[in-house]
Each structure stands twice: as C-alpha cells, then as structure tokens.
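Before any questions on binding or motion, here is one chain by itself as structure tokens, the form predicted alone.
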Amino acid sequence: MLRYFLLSRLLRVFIVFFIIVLLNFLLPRAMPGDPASILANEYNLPADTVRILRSMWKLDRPLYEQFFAYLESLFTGQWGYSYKYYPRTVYELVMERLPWTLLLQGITSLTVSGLGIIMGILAGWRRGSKVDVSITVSAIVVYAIPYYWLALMLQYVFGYILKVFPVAHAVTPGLPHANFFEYALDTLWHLALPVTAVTLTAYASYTLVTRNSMVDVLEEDFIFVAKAKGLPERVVMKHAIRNALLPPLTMLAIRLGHIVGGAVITETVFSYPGVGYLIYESIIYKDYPVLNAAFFMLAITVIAANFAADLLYAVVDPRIRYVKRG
C-alpha cells in the first residue's frame, strides 16, 4: 500500500510538472509585444538591430521550434542570456539574486511560522477565554489588511517620518564596511521593515489554522483519557501540540516551496535585490529567459515541497496511506 501511495504521488508530480513547464513557456509569450520591440523603444534601436535581436533570440522562429529550444536549454542548464541585462547570463543573474531572497524568505518563514504557531496554540488551549478572543480577532483583522498598504505605511512612518529604518535596497549603497560584522548589521537594518511587513500580514493564517487544529485535537478521546488519568496539564498540552502541528507544518512546507521565487510584492515595494524583484523587472521587459528560469526553479521547489508534505503526512498518519482500489 505504501508503494502504491508513492507511485500515485510521483505520477501526479510528473503531470503537474509537465503542465507547469508548458505554462511557463506560453504565459510570457502570451503578453503583448516582445523583448526586441521593448528594447527598441527604450533605447531607440534601428530596425536592422531589432531584426538581429529577434533572430539571435529565436523570436522569429515558429512557436514549436521556440518550445523545443526552450526545453533543451531548460534541462541542460544553459539558460541563455538576459534580454535586459545582455550580455549577462541568466544563471549569473539568478545566482546573484538568490542569496538575498533566501535570506529574506528564510527569516520571514521562521518569524511567521514561529509567531503564528505559538499564538495559535495559546488561543486553542485557552479556547473561549479572553486570550482566545483577543488573539483570534487580532489575527482576523491583520489578515484582512492588504499587504502592500501595510508595507507602504511602514515605509512612510519608519522610513520617511521617523527615519529609523531604510526603505529600499539590501545594504546601504556606497557605504564601506570595515568588517563582516558591520556588513551583517547593515543587512539586518535593511531587512527590518520587509520582515516586519511580511510577518504581520502572514502570521495570521498560521495562527487561525493552528488554533482550529488545536481545538479539534482537544476534543479527541485520547485527550479526555489523559485528563481522566490525572496527567499534569503540561503533559496533556504536549500530546495535544504534537497532533495539532500537522496542518501548520504543512503550510510551512508549502511556504518553503516558494522560497526561491521570493516575495515579488515585498521585493518590489522595498526595491530589494532578490529573485522576486528580478521577476518583476523581467515581466516589465519581457525577459523570457529570466522568467523561464525563475519560474522553473519556483515550480521545482513548490512541487518538491508539496511532495515532501504528502510524505510527512503519510509517515505521521498511516491512515493517509490507505487508498481504496476499485
């Protein structure tokens, strides 16, 4: 039964991967215009140069030939050159931006999941109390706030009025750093507002899911048996938390799947030099190679995270491995 479960999940992964690869190729090309014409308008390129660019980038080929060339470059790792940043390669651009995205997304994943799970456990354990009502209502209110509005408000208050934190970039441009410690402090200083904005708007979903999961677990028979045996409250709470963590852990796994793609809105609002901002720039300039590479990496990590979540559930809860045949 476990083998059948794994084979069914792998087949689903393969189908989803093929659909994503196909959409990854078609969606950028469905947008009006093409990279050569956009660059021509921006830099006043002559018509001959535009024709050369279209030929070099194979934009004058039939769509199916572009697709086969796209598959070849995708699976050989030869992602080509960026249209906007030519002659820089796509691989060079992505690898340059990726560490900044991993840093931002890694910190926000810890703060979002940590704060959300802790608040959710507290609310669920004290269900019906003032603590529960306060946490739940505040989470619902914060969840309803548009992220971009909160990010702009943080920039306006703490960046322009109070001038406490910088509003853009990952480090201070042109500022020399005497040592790694100063460089790290400067980096964390620039991360303060993006991390705060993401944490305040994203922790609420973890809080609500964990709270509801905790309430459901507390209604299970084994909790009543544990209480009837006279076990200490901390022991009962420990058993309840272990069983209530499955849904938020799955959310965390899925969130980690998006870590490569970065938070496009976050990085755009704060002009943060990560993969998300690179995707935004590539959309504006129709930079097909960069978009294809970024979305391909994002697809791989999302599919891997979902597959890992399926396996995690199957290991923790054997009932999920049972699949009726026929």
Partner chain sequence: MVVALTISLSLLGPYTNTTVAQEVVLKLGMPDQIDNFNPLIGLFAAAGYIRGMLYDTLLYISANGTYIPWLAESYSVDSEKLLLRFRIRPGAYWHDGRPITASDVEFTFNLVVASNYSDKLDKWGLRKYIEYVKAIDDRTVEFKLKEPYAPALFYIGALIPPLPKHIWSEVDPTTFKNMDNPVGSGPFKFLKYTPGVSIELVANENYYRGRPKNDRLVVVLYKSTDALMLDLQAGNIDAITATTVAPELVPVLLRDPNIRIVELTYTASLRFIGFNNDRYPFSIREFREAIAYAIDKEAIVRIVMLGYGYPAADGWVQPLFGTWYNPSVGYRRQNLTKAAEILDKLGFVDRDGDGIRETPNGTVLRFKILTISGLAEFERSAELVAGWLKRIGIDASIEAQALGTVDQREGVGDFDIGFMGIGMSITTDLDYYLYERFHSSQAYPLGTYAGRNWFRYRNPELDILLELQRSTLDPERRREIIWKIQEIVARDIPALTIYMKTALVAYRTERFTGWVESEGPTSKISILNLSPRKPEVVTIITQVPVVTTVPVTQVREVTQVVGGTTVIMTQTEVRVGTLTVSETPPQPRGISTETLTLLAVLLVVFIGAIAFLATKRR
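So that the term is clear: the rigid core is the largest set of C-alpha atoms that superpose within 1.5 Å between two forms. Treat the numbers as computed from the prediction; the structure is a model and nothing was measured. Residue numbers count along the first chain shown, from 1.
One more form of this protein should be noted, the form predicted in complex with its partner chain, which is absent from this view; the next part is about it.
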message = I need to confirm a contact call. Of 197, 214, 170, 204, which residue comes within 4.5 Å of its partner chain in the predicted complex, counting heavy atoms only?
response = 170
ask   = 69, 300, 27, 52: which sits within 4.5 Å of its partner chain in the predicted complex by any heavy atom?
value = 52
query = With the partner removed from view, which of 240-248, 218-226, 138-146, 92-100 is the stretch that lies within 4.5 Å of its partner chain in the predicted complex, judged by heavy atom distances?
reply = 92-100
key: Contact label in the predicted complex: residue 122 to its partner chain, heavy atom within 4.5 Å   = yes
message = With the partner left out here, check for me: in the predicted complex, does some heavy atom of residue 115 sit within 4.5 Å of its partner chain?
response = yes
request  = Please run the contact check for residue 84 against its partner chain in the predicted complex: heavy atoms, 4.5 angstroms, yes or no?
outcome  = yes
query = Heavy atom to heavy atom, is residue 73 within 4.5 Å of its partner chain in the predicted complex?
reply = no
request  = Sequence order please: the residues of 177-194 with a heavy atom within 4.5 Å of its partner chain in the predicted complex.
outcome  = 177, 178, 179, 180, 183, 184, 185, 187, 189
inquiry  = When the rigid core is used for the superposition, does residue 271 move between the shown form and the other one (threshold: C-alpha shift of 2 Å or more)?
reply    = no
